[in-house]
Every structure is written in structure tokens, then in C-alpha cells.
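Only one chain is shown below, in C-alpha cells, and it's the form predicted alone.
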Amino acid sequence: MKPGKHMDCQNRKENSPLKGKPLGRREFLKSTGKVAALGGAALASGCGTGLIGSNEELRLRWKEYFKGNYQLMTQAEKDETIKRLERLAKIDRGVDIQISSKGPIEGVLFGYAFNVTRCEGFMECVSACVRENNLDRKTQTQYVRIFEMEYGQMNPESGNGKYFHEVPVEGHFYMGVQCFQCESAPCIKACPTKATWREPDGLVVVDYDWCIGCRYCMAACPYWGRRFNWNTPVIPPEQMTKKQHYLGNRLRGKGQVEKCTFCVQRTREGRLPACVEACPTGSRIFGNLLDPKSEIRFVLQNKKVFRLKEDLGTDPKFWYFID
């Protein structure tokens, strides 16, 4: 290749609209015209390695951004998508991840209960959730929030969700909130692209790649259950949870909404959510609502239970109880 042609190829790479950008669907679609024009020119001029690192990378990204909604994919399409995501994670971040697409277990409906008389506000649950679900370290994104409440209060909005002192505090109790996996979820009804839906096991999930970032779901949720990524989440490779689920803790991008899924990557494998496993006081109970012998059913049948904003008719699968 002549020196002038080499410099021209280098300039095309440096000026590529895709160079170094983990794009969302909207950004990618806006760039496709430029990519097609530049790509054709590059191939015609002998720039054989493509525009964003390699022909393989360009091919993977092209297929990834034009795939269908996960809910409507065949299993073969899901498997192909997962292979692409695993390969792109290796290209982008240099990490080897394993992504599952395991579906709901027949005869299982997940439910959750929180003991407000036992929680002492230690927040091990919050830290465990951040690690397990690959949450953004830069903005300190949290799915789980613990509110310090004065006795007599019942609405978390009147509590302190940002306390930094020794706990527990006398005269107070602690109340955790996260996504409540509502049976009649307002967030699902609000989504204009059908990027979020309810699975047969009760989990409300998000296809991150179909989320357009309009945040209608966040406005619709009465329980503060969703988070929006204003920037690309930062997770150091050495801190990343490598075992992931497509609808759970896989890596998200800028402009995408995310939420608690009761750790779908764990619970569909018969494990407890990270927050339940980490709780030092046994305040968190999780299980199958359809199993009459489960601990969650025992709590619902034998304890004084209540749900937040019951009058809204959302039918959350998250209860509070007292001993």
C-alpha cells in the first residue's frame, strides 16, 4: 500500500462515527448512513481492516443493533445474540463473560417479604446488589434503598434514604425499597416500545437494547424502582460479575433504563437474590409463592403483612411484615 493510501485509511478510522463509542440503538441508527458510505469508500480504497477495529467487530455490531426484541426471538436467535454479546465484551473490555438466556421455571411465581422489625440499616444488601448486578460505580447507582424511619411513619418518602451514621438509631426503624415486580405494573403500560414486560415467574424485565431512554416507565413507577444511565456505566473489569443474564445483570449502556429483577441470573438457577443472601439480620425473605411449604408463604399466612400504596391496584409481589 502506498504511504498516501495508508494515511487515508488511518484518517478514515480516526473519523469513524463509531470509533470508541458504546452506542445505543438510536445513536447507531443515526450513524448507519455514515457507516455505509465510509465503509464502501474504505473497502474500495483497500482499507481492509474496517472502521472500528476489525471487520468482525463491525459485523457483530451491525447484527446486534438490528436484532429483534428479545421477547419475540426464537431460542436460536437468542443463542446467536448471546454469542455476539460475549464476543463484544471481550473486544470492548477484554473480559470473558457468560450470559444466560434461561427462561422462567414452570410452577414458580417469585415473591419477596421484608421484616421491618429486624432490619438495622447496615446496608450489606445494597453493597451486594451493586456487585452482583454490575451497577455503575461512578454514579453509585443502587437498585436497593434503605430508609431510616421514625416510629409512626409508613411512607418512605418521609424517611431518610441518605444517612451516614452509626446504626441502628434508637427510636427509628429501617425500610427497604426496590422494584416490587408488580402484577399490574404501570411501567409496562407506559413503555412505548414494549421494551419492558412481565415474565411468567412474575419478574418485570427490560430488553435494554430496545429501551429508547424516554423514561416514561420511571415516571409511571410509584415505587422509585427504575434507574436511568445518563452516561455509560463504569464497572472496573476486576469487579465485574462475569456470570450474567440477558434480562438481568449484563452490561448496560448510556441512555438505557435498568432495574432490580430479583437477581434473575441467580434465582432462575435456584439461588437467592444477592440482597437476601447478604442480609446479616435475616430481614429478607424470598421464595416461590406457588409453593405452600415455602418460607414466603409461611410469612404471608402467619405474620402481619402490608404492601405500599395498596390502593393503586398494582399488586406488588413485595410485602412488609413485623414479628
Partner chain sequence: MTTPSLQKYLFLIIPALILVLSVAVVFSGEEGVTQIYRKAIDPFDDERLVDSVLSLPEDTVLVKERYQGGPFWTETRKDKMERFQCSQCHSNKEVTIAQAADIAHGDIVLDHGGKNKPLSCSICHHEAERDLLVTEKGVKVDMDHSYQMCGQCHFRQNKDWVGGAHGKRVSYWAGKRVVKNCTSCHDAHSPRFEKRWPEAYSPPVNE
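Keep in mind that this is a model prediction, so the values were computed, not measured. Positions refer to the first chain, counted from 1.
Keep in mind that the form predicted together with its partner chain is not shown, yet the notes after this line are about it.
Remark: all three candidate residues (164, 290 and 295) come within 4.5 Å of its partner chain in the predicted complex, counting heavy atoms only. Only one segment in the set 82-90, 185-193, 248-256, 156-164 has any non-hydrogen atom within 4.5 angstroms of its partner chain in the predicted complex, and it is 156-164. Of the residues 216, 122, 197, 210, just one reaches its partner chain in the predicted complex with a heavy atom at 4.5 Å or closer; this is 122. Taking non-hydrogen atoms only, residue 118 approaches its partner chain to within 4.5 angstroms in the predicted complex. Its partner chain in the predicted complex is approached by residue 280, whose closest heavy atom lies within 4.5 angstroms of it. Not displayed here, its partner chain is approached by residue 127 to within 4.5 Å at the level of heavy atoms in the predicted complex. Put simply, residue 108 is close to its partner chain in the predicted complex: some heavy atom of it is within 4.5 Å.
Annotation for 256-286: interface residues with its partner chain in the predicted complex are 267, 269, 270, 271, 272, 276, 277, 278, 279, 280, 281, 282, 285, 286 [heavy atom within 4.5 Å].
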